[in-house]
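Take a look at this one chain, the form predicted on its own, written out in C-alpha coordinates.
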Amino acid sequence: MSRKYKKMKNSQLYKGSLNTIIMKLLEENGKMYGYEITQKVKAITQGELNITEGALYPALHKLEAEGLLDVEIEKVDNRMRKYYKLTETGQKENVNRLSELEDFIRNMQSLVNPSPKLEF
(Lines give C-alpha, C1' and ligand atoms only; values in the text may rest on other atoms or scores of the structure.)
Protein backbone atom coordinates (compact mmCIF):
# COMPACT_ATOMS: atom_id res chain seq x y z
CA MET A 1 0.00 0.00 0.00
CA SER A 2 1.45 3.35 -0.96
CA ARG A 3 2.13 5.91 1.74
CA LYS A 4 -0.17 8.46 0.09
CA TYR A 5 -3.05 5.97 0.08
CA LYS A 6 -2.37 5.10 3.71
CA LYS A 7 -2.57 8.77 4.75
CA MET A 8 -5.80 9.27 2.83
CA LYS A 9 -7.36 6.26 4.56
CA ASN A 10 -6.15 7.42 7.98
CA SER A 11 -7.68 10.85 7.53
CA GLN A 12 -11.14 9.28 7.79
CA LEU A 13 -10.20 7.76 11.14
CA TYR A 14 -8.87 11.07 12.50
CA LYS A 15 -11.92 13.11 11.45
CA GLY A 16 -14.02 11.66 14.24
CA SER A 17 -11.36 12.58 16.79
CA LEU A 18 -10.58 16.12 15.61
CA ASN A 19 -12.58 17.89 18.33
CA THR A 20 -10.97 15.75 21.02
CA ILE A 21 -7.50 16.43 19.58
CA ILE A 22 -8.17 20.18 19.61
CA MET A 23 -9.53 20.12 23.16
CA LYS A 24 -6.59 18.05 24.44
CA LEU A 25 -4.07 20.50 22.93
CA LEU A 26 -5.91 23.46 24.46
CA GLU A 27 -5.94 21.70 27.83
CA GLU A 28 -2.17 21.22 27.65
CA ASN A 29 -1.29 24.65 26.23
CA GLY A 30 -3.87 26.96 27.79
CA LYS A 31 -4.68 28.97 24.68
CA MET A 32 -3.67 28.60 21.07
CA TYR A 33 -4.45 30.14 17.69
CA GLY A 34 -5.52 28.07 14.69
CA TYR A 35 -2.24 27.85 12.80
CA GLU A 36 -0.45 27.00 16.04
CA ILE A 37 -2.83 24.05 16.55
CA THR A 38 -2.14 22.70 13.05
CA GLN A 39 1.63 22.99 13.55
CA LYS A 40 1.54 21.36 16.99
CA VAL A 41 -0.39 18.37 15.63
CA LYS A 42 2.05 18.08 12.74
CA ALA A 43 5.04 18.21 15.12
CA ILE A 44 3.59 15.71 17.63
CA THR A 45 2.74 13.23 14.86
CA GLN A 46 6.04 13.85 13.04
CA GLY A 47 4.18 14.99 9.94
CA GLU A 48 1.83 11.99 9.82
CA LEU A 49 -1.27 14.06 10.53
CA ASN A 50 -1.93 17.40 8.84
CA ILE A 51 -5.06 19.24 9.88
CA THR A 52 -6.25 21.52 7.11
CA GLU A 53 -7.79 24.93 7.73
CA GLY A 54 -10.91 23.59 6.03
CA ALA A 55 -11.27 21.00 8.80
CA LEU A 56 -9.90 23.01 11.73
CA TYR A 57 -11.90 26.22 11.63
CA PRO A 58 -15.35 24.63 11.30
CA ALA A 59 -14.43 22.40 14.26
CA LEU A 60 -13.26 25.40 16.32
CA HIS A 61 -16.45 27.33 15.48
CA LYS A 62 -18.62 24.35 16.40
CA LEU A 63 -16.84 23.91 19.75
CA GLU A 64 -17.24 27.63 20.41
CA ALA A 65 -20.97 27.49 19.53
CA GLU A 66 -21.37 24.55 21.94
CA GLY A 67 -19.89 26.69 24.72
CA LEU A 68 -16.76 24.55 25.02
CA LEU A 69 -14.30 27.21 23.80
CA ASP A 70 -13.79 30.90 24.49
CA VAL A 71 -12.15 33.22 21.99
CA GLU A 72 -9.71 36.00 22.84
CA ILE A 73 -8.53 38.44 20.21
CA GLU A 74 -5.06 39.92 20.66
CA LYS A 75 -2.96 42.24 18.54
CA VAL A 76 0.24 40.49 17.46
CA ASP A 77 2.69 42.16 15.05
CA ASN A 78 0.05 44.71 14.00
CA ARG A 79 -2.45 41.91 13.24
CA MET A 80 -5.43 40.67 15.16
CA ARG A 81 -5.05 37.04 16.21
CA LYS A 82 -7.81 34.80 17.56
CA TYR A 83 -6.81 32.59 20.46
CA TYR A 84 -8.97 29.69 21.57
CA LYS A 85 -9.14 28.29 25.08
CA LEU A 86 -11.34 25.81 26.91
CA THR A 87 -14.24 27.12 28.97
CA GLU A 88 -14.98 25.50 32.33
CA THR A 89 -17.62 23.39 30.57
CA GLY A 90 -15.05 22.58 27.88
CA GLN A 91 -12.59 21.35 30.49
CA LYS A 92 -15.19 18.97 31.92
CA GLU A 93 -16.26 17.79 28.46
CA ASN A 94 -12.61 17.24 27.53
CA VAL A 95 -12.25 14.73 30.38
CA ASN A 96 -15.32 12.85 29.11
CA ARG A 97 -14.17 12.85 25.48
CA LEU A 98 -10.65 11.70 26.36
CA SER A 99 -12.07 8.86 28.43
CA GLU A 100 -14.35 7.89 25.55
CA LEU A 101 -11.43 8.02 23.09
CA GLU A 102 -9.25 5.89 25.38
CA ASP A 103 -12.05 3.29 25.60
CA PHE A 104 -12.40 3.35 21.81
CA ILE A 105 -8.63 2.88 21.32
CA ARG A 106 -8.55 0.04 23.85
CA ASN A 107 -11.47 -1.71 22.13
CA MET A 108 -9.90 -1.27 18.69
CA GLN A 109 -6.62 -2.69 20.03
CA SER A 110 -8.51 -5.73 21.33
CA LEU A 111 -10.15 -6.24 17.94
CA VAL A 112 -7.06 -5.65 15.82
CA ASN A 113 -4.59 -7.50 18.08
CA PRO A 114 -6.70 -9.98 20.04
CA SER A 115 -5.26 -11.76 23.06
CA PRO A 116 -5.01 -15.53 22.90
CA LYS A 117 -8.46 -16.92 22.27
CA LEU A 118 -10.68 -17.29 25.27
CA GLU A 119 -12.91 -20.34 25.37
CA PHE A 120 -16.47 -19.91 26.61
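In this text, residue numbers run from 1 along the sequence as written. Note that the structure is a prediction, hence the values are computed from the model and not measured.
Below: the form predicted in complex with a further copy of the same chain, not depicted.
Taking the partner from elsewhere, every residue among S17, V41 and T45 has a non-hydrogen atom within 4.5 angstroms of a further copy of the same chain in the model of the complex. Here is the short version: of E28, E53, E88, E74, the single residue with a heavy atom within 4.5 Å of a further copy of the same chain in the model of the complex is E28. If you take 82 to 110 and check each residue for a heavy atom within 4.5 Å of a further copy of the same chain in the model of the complex, you get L98, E100, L101, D103, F104, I105, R106, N107, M108, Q109, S110, in sequence order.
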